[in-house]
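Let's start with one chain on its own, the form predicted alone, as structure tokens.
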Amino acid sequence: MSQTAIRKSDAAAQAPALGASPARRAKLRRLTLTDFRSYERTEIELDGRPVALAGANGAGKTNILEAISLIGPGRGVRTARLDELPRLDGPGGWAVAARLDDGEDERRFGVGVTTSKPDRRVCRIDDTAAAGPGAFSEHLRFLWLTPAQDRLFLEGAGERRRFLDRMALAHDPAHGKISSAFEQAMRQRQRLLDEGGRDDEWLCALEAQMAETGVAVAAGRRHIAAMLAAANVVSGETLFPTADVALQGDLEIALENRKAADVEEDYTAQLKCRRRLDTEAGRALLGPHRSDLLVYHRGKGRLARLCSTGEQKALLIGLVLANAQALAASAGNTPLILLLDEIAAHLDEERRAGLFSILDGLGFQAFMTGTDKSLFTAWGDRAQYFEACDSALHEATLS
């Protein structure tokens, strides 16, 4: 498969200049959970500082991050089904509410399901019903890192595509809609092929839609990869190793030297020529759903999957920080919330302190979890600290 590296020249051309982040950012000020996971009812008042949550495994820390992540598109940090979210022994419904403000303006968000319709998500913005969770993206966006992602470089390409698309979604909410449109057109085309593919006009229409949305997805991924490269170029080697990224895929390499319209036309023609092959394979064999993200440790010139476990974790954190830095440089960008589950578990004291300083400098609201208070003491009074025990949170100090 073709591969295109994201060079410094690409980054300079495609990514915004990195500078100081805006002085005023909207922050979550209150979070309320009702019959969600292990919480019967809890209300958390937030003062805008980064939030550290410490407690034993099973105390309910990740449930808080998951609740926050559901105020956005998708299925949250755990990719859970709606029927997995109600509290055991609860009435069957659940709700998460949040208040976002910057000292001048306030917005209220709510998401949940009712006992009468447990398979339908209800979303509200202020006092108005929202069409769906995608509507939240116009008001706040998320980046997250969880222990499940620690094997990102060892898993299949699908996990890395989802990781890259999640980062792209933080920059452009339309990326998710375009990706969904491509997947839908691809499924419909395959169904027609499996049934004999006699409706040529409908097949051509679906292939045209696949080409339009598929090339847009590939272009979006190239853009976010360039922004990651730009952030790495500016930040240089720090406590977290700099990563070089490359996109492996036919559409991505085609976009390097050709106009999008030409790539669309060629992809449409290839889809038509490949109908018999795709019918025999039972799936489309060409498109952005086959692409991969390759990550290299720049200092060692080695693929991330060949690095040590500690190096892979550091590279992963570095990519998330690079994306956050690129977002910080985007003037007028929608507020970003960082959700970092067990973020400090495998970092030594120096790297923990360095990570906290970077997060503090970015100015975004970050929510972090860990099993022990000592993991967060380097924050001092720069963070708001809560201890989790038996699905209850108690505010304390880190000093």
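Keep in mind it's a predicted model, so treat the numbers as computed, not measured. Residue numbers run from 1 along the displayed sequence.
Beyond the structure shown, there is the form predicted together with a small molecule, which is absent from this document and is the topic of what follows.
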> Would Gly58 count as a contact of the small molecule in the model of the complex, using a 4.5 angstroms cut-off between non-hydrogen atoms?
Replying inline: yes
>> Residue-level question: is Glu84 within 4.5 Å of the small molecule in the model of the complex, judged on heavy atoms?
In response: yes
> Does Ser38 reach the small molecule in the model of the complex if we count a contact as any heavy atom within 4.5 Å?
Replying inline: yes
> Does the small molecule come within 4.5 Å of any heavy atom of Asn63 in the model of the complex?
Replying inline: yes
> Which residue, Arg298, His289, Arg121, Arg78, has a heavy atom that falls within 4.5 Å of the small molecule in the model of the complex?
Replying inline: Arg78
> Pick from 131 to 139, 103 to 111, 253 to 261, 84 to 92: which stretch has non-hydrogen atoms within 4.5 Å of the small molecule in the model of the complex?
Replying inline: 84 to 92
